[in-house]
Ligand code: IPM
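Shown next as structure tokens: one chain only, the form predicted alone.
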């Protein structure tokens, strides 16, 4: 990190917030470590803890997620998670389903200098809110033959499902409660975004709902129906809805029209990664997962095993996930400073990582952000 120029060290405030750090797997720790070091330089009064999880915890305790790790997460105000492709996954499952973090928030905001594949990416600034606990991700699957006692008749095939042949099924579960809370979260977020200084008075807040209600009138029809009911309580927020494949086309053709998008789990999982592609890389894609009484934050780029050990993973997603975390902790001014510094580094273009067409290392990018912070 860049040394401070002042002759006298600034007083370090007492730690007021505790953050559990889980570095993740493969290349993820290479992004997490310099980001945490940069945040530490800002002297925000954050205390970092490192719950024992994954392969290291398994070697030391015989468990990839021992009780001490759960206790550390529970004691922390929030968690900053790297990315997992393996043994850190048990901790991630606890953070999502154990903590009921039902709203996965994925911002998609263009910064000048990003290597977007679009001819005109300027003005892209929307958020996908993905329901985070239900849908196909309830994880109930089995052999089609097991459905024979139920004699379920396909609405389109008009044949018993078990008679289609050897194969498997999966259960898609959408609940009224799960849908109502994530849709309400999306509307509240749209209101909050409309009140930020850069957007105040610029346009009416809007929520867009994307489902496959034409083919799945039961599950996706329920999601859309609940969303339309919730919308009635927010007359100041514009509401629109599209079939999800139509929405996918619109997201690519006219992303500047979007504000807050809400959708069921699987569509949100897929299309939020596609939204990262609009910007030019998943290395730019932060996320936060929010529940009623807990939230955690993680970059969306995955563990990037192909570049592990090379020191070139783009830390932008980790940095911007950390700014979401700081805002959640009540440190919004510091979050804005970091976001502005990251934007300056991209605009200058001299210290970008290979995924953005540059040659900078992960550490060099973070050093450039530190210099931009002054």
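Quick caveat: nothing in here was measured; it's all calculated off a predicted structure. Numbering follows the first chain given and starts at 1.
Although it is not shown, the form predicted in complex with 3-isopropylmalic acid is what the next lines describe.
Answer range among 181-189, 250-258, 68-76, 297-305 for contact with 3-isopropylmalic acid, defined in the model of the complex as heavy atoms within 4.5 Å: Contact criterion met by 297-305 only.
Would you say all of 84, 137 and 269 touch 3-isopropylmalic acid in the model of the complex, counting a heavy atom within 4.5 Å as a touch? Spot residues vs 3-isopropylmalic acid: full contact, yes.
Please pick, from 92, 133, 230, 174, the one residue with any non-hydrogen atom lying within 4.5 angstroms of 3-isopropylmalic acid in the model of the complex. By the 4.5 Å heavy-atom cutoff, the listed residue in contact is 92.
One residue of 206, 96, 109, 193 in contact with 3-isopropylmalic acid, assessed in the model of the complex (non-hydrogen atom, 4.5 angstroms): Filtering the options by heavy-atom distance leaves 96.
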